[in-house]
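The data below hold one chain only, encoded as structure tokens and taken in the form predicted on its own.
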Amino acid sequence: MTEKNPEKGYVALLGWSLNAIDAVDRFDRRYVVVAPPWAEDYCKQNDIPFVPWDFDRLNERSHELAHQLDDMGVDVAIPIFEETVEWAGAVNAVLLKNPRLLGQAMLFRDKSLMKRRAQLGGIRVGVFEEAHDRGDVIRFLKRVNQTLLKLDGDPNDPIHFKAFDKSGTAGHRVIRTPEDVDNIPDEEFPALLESHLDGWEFAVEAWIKNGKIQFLNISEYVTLGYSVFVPATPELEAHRERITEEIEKLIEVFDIDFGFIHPEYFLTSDNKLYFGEVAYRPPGFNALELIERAYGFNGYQGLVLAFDPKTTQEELDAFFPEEVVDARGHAGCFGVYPRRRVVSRLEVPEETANHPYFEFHELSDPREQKVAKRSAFGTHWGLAYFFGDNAHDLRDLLKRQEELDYYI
């Protein structure tokens, strides 16, 4: 454990992440991990400061957690996963004596409220509605396509069905026909409906302090749900100034003073930027690990600096490198999903294993031979990691992985 500085903030990590714990353990701030009771034995064995807590649902006990952490001297709570964002808002409302932080966290958790807040602030969004049942979905599908002047027999333009409060592609379905609507389980309602936006989809990771961006990374998606890399290609990085302006607008509209945001955008063929959604926690697909591979700084330690009310601007300036120019190369990962219905073993494709950009994977042999049919976007079985000098070569390599079998 690195020696801690008592003059700096004492932070609570809400959620269980070994990568985050390891990073903060090597940093100079005191910390405590707030996680479900099943993590207690591991924490005792490894001398990890720990408070057990059940995050299943937000209730009146959030006040109890806030006061427990306050009594310990904790300065701020940091959400590690989507499911702890509301908890962090509730806790920080008490610790920082700012009741608005809970309402802000609710905006970050509810995709429909989030879209409305963005729209009210003058941020460009697509058409959206809430759906309470399958009839709402069918009506929205029909209205969108009537608006697009589709004739009988024309294929429908797709719409997107998203869970209100899940992260990433979880609960995300692409709807093209009424038959697709029939496959939505009852428990996925209510949900958000969105029109489809054709364009270049990308994400941003921004560390914020005192209402200002301290570091902004652009993550380029090769295929949503499959692959991403950082920094982006020069063609996408050419839009950095405009993207930065959009993030500054987001900071103003959502009244963000500190922390970390992970918004997603579309750059359409007519060169307009559309806001997709924004999260107030680290992204999936180990994006912070990719950023560390490319730039050399640890994103979880950056989170601590962005949240800690005792952080100085001098610390921030010394911690974060300069975007793009300080990158050592481009880091990417590919989410592997079996392409066959029946598999027996893991076998990394020879052309991948022999490629100079391939580094390692986090895959294991299958526990079952039959592969479950994908629901919505599905969940990958693990990640394969790549690093190289040329963004275009890495992009093409990640795209190529979609045609290869890792499980045979």
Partner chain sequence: MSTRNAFAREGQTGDSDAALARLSGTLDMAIERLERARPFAKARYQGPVLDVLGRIIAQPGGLGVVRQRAPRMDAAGLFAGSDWDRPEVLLPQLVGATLMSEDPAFQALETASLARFLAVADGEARHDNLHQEGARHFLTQVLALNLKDLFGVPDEAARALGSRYELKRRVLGHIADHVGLNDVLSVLVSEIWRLLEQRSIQVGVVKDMIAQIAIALNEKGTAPGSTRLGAERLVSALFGPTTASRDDPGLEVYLDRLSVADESGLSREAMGFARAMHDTGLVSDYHAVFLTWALDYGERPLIPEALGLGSTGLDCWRHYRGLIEKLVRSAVSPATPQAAYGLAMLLERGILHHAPMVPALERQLSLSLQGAARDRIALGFVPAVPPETQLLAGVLQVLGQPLGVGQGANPTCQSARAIAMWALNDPDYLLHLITQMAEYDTLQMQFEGTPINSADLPLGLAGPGPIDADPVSVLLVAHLDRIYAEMGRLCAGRTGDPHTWINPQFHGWWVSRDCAVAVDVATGKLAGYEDFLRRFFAAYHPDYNGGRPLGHPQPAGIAVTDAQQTFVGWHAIAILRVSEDQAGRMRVYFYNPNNDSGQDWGNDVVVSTSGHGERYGEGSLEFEAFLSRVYLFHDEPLRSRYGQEIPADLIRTARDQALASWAADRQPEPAPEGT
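Numbering follows the first chain given and starts at 1. Because the structure is a prediction, the values reported are computed rather than measured.
There is another form of the same protein, the form predicted together with its partner chain; it is not shown, and what comes next is about it.
Which one, 265 to 273, 112 to 120, 281 to 289, 85 to 93, holds residues whose non-hydrogen atoms are within 4.5 Å of its partner chain in the predicted bound form? It is 281 to 289 that comes within 4.5 Å of the partner.
Name the residue from Leu14, Leu397, Ile21, Val11 that puts a heavy atom within 4.5 Å of its partner chain in the predicted bound form. Answer to the contact question: Ile21.
Listed residue (Glu40, Glu64, Asp54, Glu359) with a non-hydrogen atom within 4.5 angstroms of its partner chain in the predicted bound form: Partner contact (heavy atom, 4.5 Å) among the options: Glu359.
Run the contact test on Asn210, Arg240 and His392 with a 4.5 Å heavy atom cut-off to its partner chain in the predicted bound form and return yes or no. No, the candidate spot makes no contact with its partner chain.
Applying a 4.5 Å heavy atom distance criterion, does Ala353 contact its partner chain in the predicted bound form? Yes.
How about Arg339: is it within 4.5 Å of its partner chain in the predicted bound form, going by heavy atoms? Answer no; every heavy atom of Arg339 is more than 4.5 Å from its partner chain in the predicted bound form.
How about Val343 - does it come within 4.5 Å of its partner chain in the predicted bound form, if we only consider non-hydrogen atoms? Residue-level check for Val343: no, no contact with its partner chain.
Check Ile48 for me: does it contact its partner chain in the predicted bound form (non-hydrogen atoms, 4.5 angstroms)? Close contact exists here: in the predicted bound form, Ile48 approaches its partner chain to within 4.5 Å, heavy atoms only.
Given a 4.5 Å distance limit between heavy atoms, list every residue of 76 to 104 close to its partner chain in the predicted bound form, or none if there are none. The stretch 76 to 104, when checked against its partner chain in the predicted bound form, contributes no residue at the 4.5 Å heavy-atom cut-off.
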